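Here we start with a single chain on its own, the form predicted on its own, put down as structure tokens.
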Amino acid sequence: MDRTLIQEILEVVEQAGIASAKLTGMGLKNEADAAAVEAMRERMYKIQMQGRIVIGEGERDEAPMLYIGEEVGSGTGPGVDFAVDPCEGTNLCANSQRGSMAVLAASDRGGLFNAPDFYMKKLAAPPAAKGKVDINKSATENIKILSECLGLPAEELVIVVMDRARHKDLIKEIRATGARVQPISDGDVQAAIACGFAGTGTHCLMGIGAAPEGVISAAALRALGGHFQGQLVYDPAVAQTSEWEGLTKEGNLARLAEMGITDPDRVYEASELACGENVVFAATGITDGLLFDGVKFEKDCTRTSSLVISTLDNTARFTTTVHIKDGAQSIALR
């Protein structure tokens, strides 16, 4: 990978975000996802690279669009691996709620963990707490450490947790420390990344979410110098999701073994989930969110708000792009 790819990667998430945003609030989550996937794929194929999807929409037979193992790009140039979520928060997009975005992580070939379609226990925290909080510690212990690292009383800390039945005890424990809980319905990637920036009002992400999104979050936090750890969840009794109805712990362990994961309880650091020498994270807001605005459709232009974080030049770029329509006559400055 090199710096010339950063602009093109930005355009990939911009186009996916615009395509999905056209269906915002229509209640069509699958259609919004499909629109984003097609736009992302079309732009990727124009990039001079040997690209490969390592985290996508599933296996080829299950998802014809941006499937795991699909090759993208011109077929010449640097080898790049991608973890993609063309419409992170499809329910949020369908219902015009905050936090939906088009997002991806990219790295040199072999630089992203091929996360199975499982769940993952996650812990994200600011750079000041990196290596001090630990996913094996209790929420109570981590909040005490976080308080000390940030110089804030527990009562001023905001901990983001997915609003799921499996987190009932976790939420109770967090609140017992005096810290505040911010429950979210979907889209924990943006919440994890917000932990890497001061002033967002988000200090930590705890709990269980999707494993593929964990890799994308890890890539962003690694580039920001923040803390991220992930541990795969394979026990249906822990995941507590209807998606795993009929599955067993033993069956899931067998699936992991088939995927080459011999230590299912291993705790992965950000540098292991996104281990490439060069790592790029890119996202464009579909709906308004904590880090950036959603797509705005105006008479003569379309505006997108994006974030690109890169280890290539150690930057985090917040970008507003004005996509000018043919025949435009009046474009507002803001």
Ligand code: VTB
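Just so it is clear, the structure is predicted and the values come from calculations on it, not from any experiment. Numbering starts at 1 and runs along the sequence shown.
Another form, the form predicted together with this ligand, is not on view; read the next lines as being about it.
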Handout entry: 4.5 Å heavy atom contact, Asp235 and this ligand in the predicted complex
Key = no
Exercise for the section: With heavy atoms only and a cut-off of 4.5 Å, decide whether Gly226 touches this ligand in the predicted complex. Expected result: no
Problem - this ligand contact at Ile145 in the predicted complex, heavy atom, 4.5 Å - result: no
Handout entry: Contact test in the predicted complex: Lys122 vs this ligand, heavy atoms, 4.5 Å
Key = yes
Fill in the blank from the handout: The listed residue (Asp263, Asp169, Glu258, Glu243) that reaches within 4.5 Å of this ligand in the predicted complex by any heavy atom is Glu243
Fill in the blank from the handout: The one option of Ile135, Cys149, Ala210, Leu157 with any heavy atom within 4.5 Å of this ligand in the predicted complex is Ala210
Exercise for the section: Choose one stretch from 187-195, 247-255, 107-115, 71-79: the one whose residues place a heavy atom within 4.5 angstroms of this ligand in the predicted complex. Expected result: 187-195
Problem - Partner contacts for 162-178, taking this ligand in the predicted complex and a 4.5 Å heavy atom cut-off - result: Met162, Arg164, Arg166
